[in-house]
Ligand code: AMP
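So this first bit is one chain, no partners, the form predicted on its own, shown in structure tokens.
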Amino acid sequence: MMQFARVVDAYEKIEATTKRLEMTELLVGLLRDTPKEDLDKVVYLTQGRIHPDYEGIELGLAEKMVMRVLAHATGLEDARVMRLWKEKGDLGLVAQEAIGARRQKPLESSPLTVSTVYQHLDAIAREAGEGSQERKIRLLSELLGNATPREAKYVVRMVVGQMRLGVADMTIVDALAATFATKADRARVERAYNVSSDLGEVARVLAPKGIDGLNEIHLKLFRPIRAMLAERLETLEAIFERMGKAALEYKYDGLRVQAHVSPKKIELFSRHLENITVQFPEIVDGLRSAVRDRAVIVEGEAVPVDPNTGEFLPFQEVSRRRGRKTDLDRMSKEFPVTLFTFDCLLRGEEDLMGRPYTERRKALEAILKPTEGIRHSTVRVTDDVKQAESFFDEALQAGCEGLMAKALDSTYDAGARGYQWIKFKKEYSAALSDTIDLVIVGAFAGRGKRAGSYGALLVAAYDEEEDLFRTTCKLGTGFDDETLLALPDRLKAARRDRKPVRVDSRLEADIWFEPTTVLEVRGAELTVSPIHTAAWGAVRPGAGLAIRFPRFTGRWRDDKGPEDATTTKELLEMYRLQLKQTKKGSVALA
């Protein structure tokens, strides 16, 4: 049985060095000394975990609870333990001092083994339900009762999730390769980790079976893989120079989701391998009806969509769900999320990661039938810069961040970052730092709880040179229920059967209004748009200016006539000034 003290010896030396090579050598020494049956446990403990992240099993002990345990296990007053914590700022150091100063040593104690430490921590993590807190306290007290001061330091750090070793996962990959294979085999060890997301399993297989044993580790359902990542280039010309003809996809501003679907269950994982299934019930329901084959892994981006305007909402509406266990049904109805799928990694028993992008995209389109809540990412294959610029404008108008360019022959390289995928972000958008006054020129019929009223308004800026009102956004947020119900009556006098002569719009509204009513709007930024007509052609041919994430402030500008509203010239000046300031800020940060 491996003594935990041997592990602690290595941890103290690792903590004392700032050299990655020396850190790796210390880990190699530790791994060589570790019996095969304890190897996965040592790897997990070194990561500060008990299980891989995707299993969602966490220790979950708050610092105040640990301080209670320390006081109980050592006989020290609560106030003294609190003072120590304030002095040191590290509960591990508090545990080391408190255990060293405990008033009464246990009458019978035996040296801690790796297995004992792991089993106790695992039991703490799995405790749930009524009385679980007290059982967690008892288990930790037992562990600390047998711990030396040095051992207590690392046990407590593991419990509160602050190991402070500075050991990254890739350092452990290096150490595993050096211990059980060769440096030349490191890439194969890393690939096994990228596909399994479980360094404990990699160690369990590698130690007894060697490098060829890693061939057993492959893609499978309900074990997420580490996401493939993209590089960045500054121009579309540079992208085509590197890739030639490429698939351009909308780059959505949401939460990356890896969906695992089988006949009996569906699970969703984040880019960081967290199980986020309960947070998105509408995605689970959507996949249940959208997926034809019942054993697939697909990737996509979860984006909140305004049910009335059909436009994307800010990413914050997704992030509000993180970690929540209540109100999820209400939030999924109020701010429904759409999953835009862009890749297929597994179909039945077939691992598609080694297939080219074009084949994976065909498989995705074959196995998934788009629904309202599950769609395919918008894609265009081209090597023409002008077509790409137009597609880029469309992406910005849709509320996306920009484009993702993907080589047509690119395989899916889990965990890797390279130029097989290239992101092209916004260069034609600028933060909107002030409110603007816009004119209502149209409306769209409401859906859901807005049925019978207007779901969104079409609003415009004033072009004083042409005496026209040119559209700049759909406005669907910021209205309370009372305001929504009152809209038809408020705008009744201005309602028209056809588009007014002074309105310039490429969109076809359900209802048109004579431009008479002014309201105040706040937005996130100004961006080029192939749909809206404000400042048409001033920034780029075939594009106007639109407001991204517009929101009614609640203020009706009854003090202003329509010709007193924000002009298209003002919008253009704001865009150019703020874009210039944004670029200066980026240069300063660089």
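Please read all numbers here as calculations on a predicted model, not as lab measurements. Don't overthink the numbering: it's just position in the shown sequence, from 1. What we label the rigid core is the largest C-alpha set whose atoms superpose within 1.5 Å from one form to the other.
Below, we refer to the form predicted in complex with adenosine monophosphate (AMP), which is not included among the displayed structures.
Heavy atoms within 4.5 Å of adenosine monophosphate (AMP) in the predicted bound form map, among the stretches 344-352, 249-257, 287-295, 212-220, onto 249-257 alone. For the candidate spot formed by A460, R498 and T517, no residue has a non-hydrogen atom within 4.5 angstroms of adenosine monophosphate (AMP) in the predicted bound form. At a distance threshold of 4.5 angstroms between non-hydrogen atoms, K560 is in contact with adenosine monophosphate (AMP) in the predicted bound form.
Proximity of E97 to adenosine monophosphate (AMP) in the predicted bound form: non-hydrogen atoms within 4.5 Å are absent; the residue sits far from the partner. The closest heavy atom approach of R138 to adenosine monophosphate (AMP) in the predicted bound form falls outside 4.5 Å. When contacts are judged by a 4.5 Å heavy atom cut-off, S377 counts as touching adenosine monophosphate (AMP) in the predicted bound form. Listed residues R360, K406, K153, K474 were compared with adenosine monophosphate (AMP) in the predicted bound form; K406 is the one with a heavy atom within 4.5 Å. Just one of K423, R80, R102, R186 comes within 4.5 Å of adenosine monophosphate (AMP) in the predicted bound form, counting any heavy atom, and that one is K423. Of the residues in 262-279, only R271 comes within 4.5 Å of adenosine monophosphate (AMP) in the predicted bound form through at least one heavy atom. After superposing the rigid core, the C-alpha of E570 moves by 2 Å or more between this form and the one not shown. When the rigid core is held fixed, the Cα atom of R557 travels 2 angstroms or more between this form and the one not shown.
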